[in-house]
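One chain follows as structure tokens, the form predicted alone.
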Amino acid sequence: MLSDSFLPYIQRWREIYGFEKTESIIQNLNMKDKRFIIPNILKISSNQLFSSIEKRGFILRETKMFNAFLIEKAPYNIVSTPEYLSGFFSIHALTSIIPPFSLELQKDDLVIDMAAAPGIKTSLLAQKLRNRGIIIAIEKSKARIPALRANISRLGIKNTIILFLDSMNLSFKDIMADHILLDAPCSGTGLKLEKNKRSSPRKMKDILRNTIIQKSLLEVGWNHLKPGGTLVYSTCSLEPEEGEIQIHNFLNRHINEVEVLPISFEIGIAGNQINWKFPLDSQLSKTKRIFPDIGFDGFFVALLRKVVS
């Protein structure tokens, strides 16, 4: 169940999203999350993976999104299969797939992943590039580098450079990217409780601290994005300050410099539909606010293109 530290958040969710939606949020945050696998197209086709995994006693169901398979029955932990160890697939919540799949990549593009560990989103970028181009995977936590390196190796990714670096310090590097993925650090209030690793009590001031970090990372990323390039921004937070309001303020700081591109997936609601205390930029209609559901965490995602002057 949600701890008492969630009570201030629940009250504000009722004001922003309404009572009925908040009850749904609470119910789904408490539910056990479904597991989905995505074939690694660098090594195997969807049909081959489906057949191989089902022969081991697993029951999979195809979904309409992202070429993903829902694990409906697992006789044992799927990470123990030879297919997993061979890098034939990765495991996801569906929301984690949206940011990398929102970017339209060309084979020779340079892409920066500003907060890369454990590397699952990075791996999807590599697959979209068919192991071409260059991905710079940035991670500031030394403790998380081994997991990032292990996933990249297991999945057969060859176009990725790992930088042990705080993305705040990217300004000191002479790098300009065609595309940037910023899955920003956030309060994580949209994560299902079973995988929410937070140990300290939640405080409302966490939101303010996170927004300052997110604002800085957005500006750094934007400064390293080529004209005409795209930046996808996402957070696993239900707090508008870390999503809709963050992007609203970014658009106000960069008037006539940003085009918000539509998120093509039919899920969630438009970001400008939330009940906020002031009108939001009309371009927020192209962003997505996603609520916790089967296979999904609470999430916000925006796709920004740098306008060529």
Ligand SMILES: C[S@@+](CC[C@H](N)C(=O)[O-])C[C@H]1O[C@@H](n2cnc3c(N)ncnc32)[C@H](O)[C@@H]1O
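In this text, residue numbers run from 1 along the sequence as written. Small disclaimer: the values here were computed from a predicted structure and weren't measured.
The same protein also exists as the form predicted in complex with the ligand; that form is not shown, yet it is the one meant from here on.
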Point to revise | Heavy atom within 4.5 Å of the ligand in the predicted bound form - the one residue of 207, 162, 103, 120 that qualifies | key: 120
Study note, to complete from the structure: Checked 224, 140, 128, 154 for heavy atoms within 4.5 Å of the ligand in the predicted bound form; positive is 140
**Study point:** the ligand contact at residue 168 in the predicted bound form, heavy atom, 4.5 Å
**Key:** yes
Exercise for review: Give a yes or no for residue 184: in the predicted bound form, does one of its heavy atoms lie within 4.5 Å of a heavy atom belonging to the ligand?
Suggested key: yes
Point to revise | residue 158: touches the ligand in the predicted bound form, heavy atom cutoff 4.5 angstroms | key: no
Review point. For residue 132, is any heavy atom within 4.5 Å of the ligand in the predicted bound form, or not?
Key: no
Exercise for review: Answer yes or no: in the predicted bound form, does the ligand come within 4.5 Å of a heavy atom in every one of 180, 220 and 253?
Suggested key: no
Review point. Which among 112 to 120, 171 to 179, 83 to 91, 68 to 76 is in contact with the ligand in the predicted bound form, heavy atoms within 4.5 angstroms?
Key: 112 to 120
